[in-house]
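This document opens with one chain alone, in structure tokens, the form predicted on its own.
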Amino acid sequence: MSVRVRYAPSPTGSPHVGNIRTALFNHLFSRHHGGVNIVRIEDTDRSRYVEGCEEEIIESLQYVGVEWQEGPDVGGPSAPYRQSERKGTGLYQPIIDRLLSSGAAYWAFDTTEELSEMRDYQQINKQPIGYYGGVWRDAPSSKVEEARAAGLPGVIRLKIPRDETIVVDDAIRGRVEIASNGVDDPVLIKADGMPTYHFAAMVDDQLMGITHVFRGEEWISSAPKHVVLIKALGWEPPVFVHVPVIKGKDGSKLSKRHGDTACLDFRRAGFLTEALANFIALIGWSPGGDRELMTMDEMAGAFDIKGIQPSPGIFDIEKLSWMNGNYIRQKPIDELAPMVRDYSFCSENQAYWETKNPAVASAMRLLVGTWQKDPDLVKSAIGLEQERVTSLAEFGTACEFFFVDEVTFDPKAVEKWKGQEHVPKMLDAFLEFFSGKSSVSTSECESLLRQFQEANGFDKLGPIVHPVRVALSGKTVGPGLFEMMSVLGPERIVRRLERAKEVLA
């Protein structure tokens, strides 16, 4: 069987983690089997349509590295790939006519008030909520024609059989049996003539030759309706793969406080494509063994539906940051430095951080300004901080002390080293050493500090290294001190040591 899968989002809002995971699973599954991945825009709900959302969906897929062979932007043999356009071609009409003529579907002309009264009655009597026929399910054709002739607004509903067991075969959970009496008659065609998801998605899947349908487990309750519809048309159902829900680390429904934001917000926050794809793919899917850091090729090679777990997947933003840090550390500096530059220069990213954390946005702008004047300094600083950051955004704040005229001193660090007897003497000695020099090597810096240690009888280098770090960066932690000193250079070191004498001596 040639695998054909589809990612079919609705342009009603920004794609989030759950949507993108489904798209990733489609991508990995189709690549694993050498099949075809399709993007289809399901835009029949015009009341919820959001302008620009389709473009954001495509951009999000591209950011995460999802590829597709057919879609609204690339075309294909099953075009068009927007359901509103497909409806315009008239391809749905013969199929709905088949359902009506066979008795598998029917017209219903209930008013809004009548539907509301029906729901109220069901709630009061503790009955299942839904449309189970009313007066129209078995209405004589004459009554239906009379209503249509009168121009009454009506919908077309699927007639769910009663007193039967509907079987849904799910690739993750196996055989699922549902009593048909608990399944209401869904609307297939709305009063405005637009098809609903229940109808258009299933029809399009058949017409496009979709073999496997990956979607969230929230659609399991609707699957019986889809099975009935497909069988009423004499078709074979695709393989349904209902992927597990995603929850926060605390076990509650995923929300913004867990980090569930629009997909493109992860790009604005400084997460790399490969890290985000790797992280999202592993939410609810296991490749087997202890593998975690995997390229897209490796994930595609290992992807198997059997690895998808029925239990909820967990969204852990700390794990994403850990992964992102690993991918950053793997980058050659000649590739990483331009990435940090482009990220920091992007006004969209700066605006994002201006809202989230203005200090980060300010540090990014400082990096941009310094790059324009001294790109070599910025590249060297990025190289030193590469081992410590977990996002592209962190380079701004991590490297900030390299670029400022005066560092901000950590009060606790000042308190610890201020008044120490050897500190003023040490600062004077180092000032004398660096004054007049144009450059200094890492080995020279190390030799200088070790000579002072030995000359002044210190058993360890710590009492020398720590106050010097504070004097030069204002911080107690950072990259290797000797490398940091070499990057700062004698001129900056002298200015900072002179100021440190006022603060620490």
Ligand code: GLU
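Throughout, we count residues from 1 along the sequence that is shown. Given the structure is predicted, the values throughout are model-derived calculations rather than measurements.
We do not show the form predicted in complex with the ligand, though everything after this point is about it.
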> What is the one choice in 331, 215, 173, 319 with a heavy atom within 4.5 Å of the ligand in the predicted bound form?
Replying inline: 215
>> If the cut-off is 4.5 angstroms on heavy atoms, which of these, 197, 327, 109, 401, is the one near the ligand in the predicted bound form?
In response: 197
>> Using a 4.5 Å heavy atom cut-off, which of 95 to 103, 207 to 215, 174 to 182, 272 to 280 contacts the ligand in the predicted bound form?
In response: 207 to 215
>> in the predicted bound form, is there a heavy atom of the ligand that lies within 4.5 Å of any heavy atom of residue 219, even though the partner is absent here?
In response: yes
> Is there a heavy atom of residue 15 no more than 4.5 Å from a heavy atom of the ligand in the predicted bound form?
Replying inline: no
> At the 4.5 Å heavy atom threshold, is residue 500 in contact with the ligand in the predicted bound form?
Replying inline: no
> Wondering, does residue 8 line up within 4.5 Å of the ligand in the predicted bound form on heavy atoms?
Replying inline: yes
> Taking heavy atoms and a 4.5 Å limit, what residues of 13 to 44 are near the ligand in the predicted bound form?
Replying inline: 42
